[in-house]
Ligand SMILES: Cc1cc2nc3c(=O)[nH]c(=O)nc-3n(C[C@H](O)[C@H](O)[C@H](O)COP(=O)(O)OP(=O)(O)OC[C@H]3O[C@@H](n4cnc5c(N)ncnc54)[C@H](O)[C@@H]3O)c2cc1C
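Starting off, we have a lone chain in the form predicted on its own, written out as structure tokens.
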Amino acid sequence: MTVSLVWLRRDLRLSDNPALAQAIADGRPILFLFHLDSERLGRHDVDGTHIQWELDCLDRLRHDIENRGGIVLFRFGHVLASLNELNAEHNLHTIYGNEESGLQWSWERDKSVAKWCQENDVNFEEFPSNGVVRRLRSRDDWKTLRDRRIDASIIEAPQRISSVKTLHSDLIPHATSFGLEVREHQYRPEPGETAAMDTLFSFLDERGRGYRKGMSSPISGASMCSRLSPYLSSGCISIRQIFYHTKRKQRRIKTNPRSAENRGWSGSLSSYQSRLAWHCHFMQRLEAEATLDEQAMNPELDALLVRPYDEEKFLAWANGTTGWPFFDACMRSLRATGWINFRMRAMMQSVASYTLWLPWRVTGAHLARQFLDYEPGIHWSQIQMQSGVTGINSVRAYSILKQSKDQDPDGKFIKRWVPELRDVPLERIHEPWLMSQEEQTDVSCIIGIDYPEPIVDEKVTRKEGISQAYKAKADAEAKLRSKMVYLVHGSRKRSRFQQASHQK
């Protein structure tokens, strides 16, 4: 007897899973494999919280698979060793998987699996499951191909799964058993496919009504953003599913957009769809260039922007002790919850790259380890954009003070995450270093002792960073490379979202 192996990577769901659908259609007994790659654990962008989140989502999936008669196997180490073992025991006929857009290490792993299958007379079938198009001939073709795929029908979850009757599923271990530290997150989302769908519906039922206006602030964004990113990163839900249900909501709104029930939804849903499209756009960049965590899209430009590592500045930035209240609140909130809204993510990297002039690979890896929803394709593309090393994006150097006053005008977010400043009056909360000695004593917050002084003069260093960035962009070789980068990675349509993203 031969069996089919469904290789679970970042597609931890039963619904809209084309690899699983084909395995069932082919009629052989099915085994599910989740393989935790040992080489992944020591990477600079990986944290124990990432692994634990995936294992928790996997455990929920294991229950769903078992309830349908299926079996989930867990393995750790090198994937080829596991495949040799499984092939010897179960005579593998075909390995089914959904395409994963990952960094170079995972791309090399997938190529080694394809080679192993060829050498061992095992079929290897991979299926697209998002808006990324492999072997894309030209970026000009991408949007048409992506839209066609996203508009395709959703694949229903199977009711029954045929498996090997003599086997039982493996227990899913805890990340600490691999020597990993797992940070406890406040407000950690429930893992799994069911929780992902519940989160989507809570967004489309009510939370998303204020999305367009509320997404920029870390306060309102915590509830008004979809909060689906951790589920997308682990594949508990697909982009196609989100688009499908968002379009259904749009159709209902269009029947009577002025009603009290539907008011406010039209603009928010339109904005949300734009962000979903950008999700696929940035993932496509990683598919074309799997070394975005190490190699700048524009290496000539990157070479001109010599950013030395300064440990004092890095630690202040990473720990949220810069002396800039709003920035410190954002970093501390991120560390505590594993999530912060997109604009604040952009600000964090902008401050690292322009105001503090820190190397983007180091700061990008730190942020990657903080995000529960770390998605390499989006993350490293954004890190490079906000650091000015693509050559095709405007210089985005955020003013911390402006963001502070715009997004936290009452200082509530600051006082929540920077308790040292809880008694500072509103007129000083954004710039507490302007308090007199008497004011500092009155509120029990001595600047330089209870709360740090600003690590640099933000206005001066940000201006210097902008100047150096524009000077580098004007270099002839860097400009020539920028044209090449655009051909491979550039958007072919300037949307309102792009225009808005330039406004700070």
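Just so we're clear, the structure is a prediction, and the values are computed from it rather than from any experiment. Throughout, we count residues from 1 along the sequence that is shown.
The next section is about a form of this same protein that is not shown, the form predicted in complex with the named molecule.
> So the named molecule isn't shown here. In the model of the complex, which residue out of Thr246, Thr337, Thr94, Gln349 has a non-hydrogen atom within 4.5 Å of it?
Only one listed residue qualifies here, and that residue is Gln349.
> Would you kindly say which of Gln403, Asn130, Gln386, Asn298 lies with a heavy atom within 4.5 Å of the named molecule in the model of the complex?
Looking at the other structure, the residue within range turns out to be Gln386.
> Within 4.5 Å of the named molecule in the model of the complex, counting heavy atoms only, one of 158-166, 425-433, 313-321, 372-380 shows up; tell me which.
Answer to the contact question: 372-380.
> Check Tyr354, Trp360 and Ala365: does every one of them have a heavy atom within 4.5 Å of the named molecule in the model of the complex?
Checked in the model of the complex: no contact with the named molecule for any of the three.
> Would Leu276 sit within 4.5 Å of the named molecule in the model of the complex, counting heavy atoms only?
Leu276: contacts the named molecule in the model of the complex.
> Would you check, heavy atoms only and a 4.5 Å threshold, whether Trp142 touches the named molecule in the model of the complex?
Residue-level check for Trp142: no, no contact with the named molecule.
> Using 4.5 Å between non-hydrogen atoms, is Ser226 touching the named molecule in the model of the complex?
Judged by the heavy-atom cut-off of 4.5 Å, Ser226 is in contact with the named molecule in the model of the complex.
> Considering only heavy atoms, tell me if Arg345 and the named molecule come within 4.5 Å of each other in the model of the complex.
The answer is yes: Arg345 has a heavy atom within 4.5 Å of the named molecule.
> Heavy atom within 4.5 Å of the named molecule in the model of the complex: which residues of 389-428 qualify?
None of them.
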